[in-house]
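This document starts with one chain, in the form predicted alone, laid out as structure tokens.
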Amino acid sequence: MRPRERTIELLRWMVEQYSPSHHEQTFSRALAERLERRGWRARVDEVGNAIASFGEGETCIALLGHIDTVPGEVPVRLEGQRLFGRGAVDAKGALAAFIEAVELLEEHERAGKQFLLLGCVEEEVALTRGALHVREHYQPDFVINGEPSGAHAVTIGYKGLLRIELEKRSSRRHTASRDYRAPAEHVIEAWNALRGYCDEWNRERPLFEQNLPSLTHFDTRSSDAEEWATASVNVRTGPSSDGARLLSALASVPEVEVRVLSRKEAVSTNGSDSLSRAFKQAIRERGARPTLRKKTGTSDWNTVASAWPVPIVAYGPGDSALDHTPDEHIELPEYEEAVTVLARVLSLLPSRQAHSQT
């Protein structure tokens, strides 16, 4: 690898570009222009993703990140070795580290490889439109999903996510009427049935395998002729979760309409594939012990996994406990360490060219 002058110029510039979900276009264009000046081939695709490539090899290494953040600006500032700003951890830190790691490589380390940077839009919202688009247009050989794991840790799994809406509508009646039950009661009964199923499923299962339901919204309304109640429910699911059985728990309350808004399956690797091994080797070479993490959230990995049956892990600098918080910041020494680890991983990954020469 080439020697690198330590600078936060790229990372700070990225964090200064406020790009909440659905409002990423300005940053996407600016990032593509900046990458062009750095020697990448870059463009903005049909849905607003920033797409860039470096190298001409047959082996494609996708560096999958997201350029959107949650809403809410965090004043960008440097305090000692901490850079504050929205996206510093989630997940512009990883995206900047991807770029710098590729540029650190020597020609022989890049030989036979193409590095494909995928800066996706709308990861922080339910649809994940950017990742849905790229999964249909590329077929990489390796994928590193840019999400905070810590410089000496690798994420090898994410739980799935089932989003459900419950609704009960009925003709309006006086609350003193015989056998009256408000729509809200039916919806609460359905929620309790789902919660009971999950509690039973979770018994003696480890956290990553559990179904974790949450009631995220509840509302009651009425008109002159009708009254209704709605609820929004998220269920964090594990790799062995049975979605059909989970939904069948709601069938015990047939009066309630159940609408599945979106479903993402859990993803994981056992940590023994070639990409995971490269990360473990690179971290050990830094004198550290690699940690393998499984997370209860979701990422773009969940979206692309079914279409990309290749080695995938998630990696990036930063503490994920700071995601979405008003105190979001990244430790600069950790960022530098992650760039070094990433560059070493990219150099270790095999290319088809190398295989053909052996």
Partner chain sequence: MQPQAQSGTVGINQCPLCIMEIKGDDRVEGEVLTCDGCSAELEVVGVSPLRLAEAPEVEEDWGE
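Remember, it's a predicted structure, so these values are computed and weren't measured experimentally. Positions refer to the first chain, counted from 1.
Beyond the structure shown, there is the form predicted together with its partner chain, which is absent from this document and is the topic of what follows.
Partner contact region in the predicted complex: 150-158, out of 180-188, 99-107, 150-158, 193-201, criterion any non-hydrogen atom within 4.5 Å of its partner chain.
At the 4.5 Å threshold, heavy atoms of residue 298 reach its partner chain in the predicted complex.
Its partner chain in the predicted complex comes within 4.5 Å of a heavy atom belonging to residue 281. The closest heavy atom approach of residue 207 to its partner chain in the predicted complex falls within 4.5 Å.
Contact check for residue 325: every heavy atom lies farther than 4.5 Å from its partner chain in the predicted complex. For the options 169, 163, 286, 129, the residue carrying a heavy atom within 4.5 angstroms of its partner chain in the predicted complex is 286. The partner is absent here, but in the predicted complex a heavy atom of 212, alone among 111, 212, 261, 258, sits within 4.5 Å of its partner chain. Contact residues in stretch 104-142 (any heavy atom within 4.5 Å of its partner chain, taken in the predicted complex) are 123, 124.
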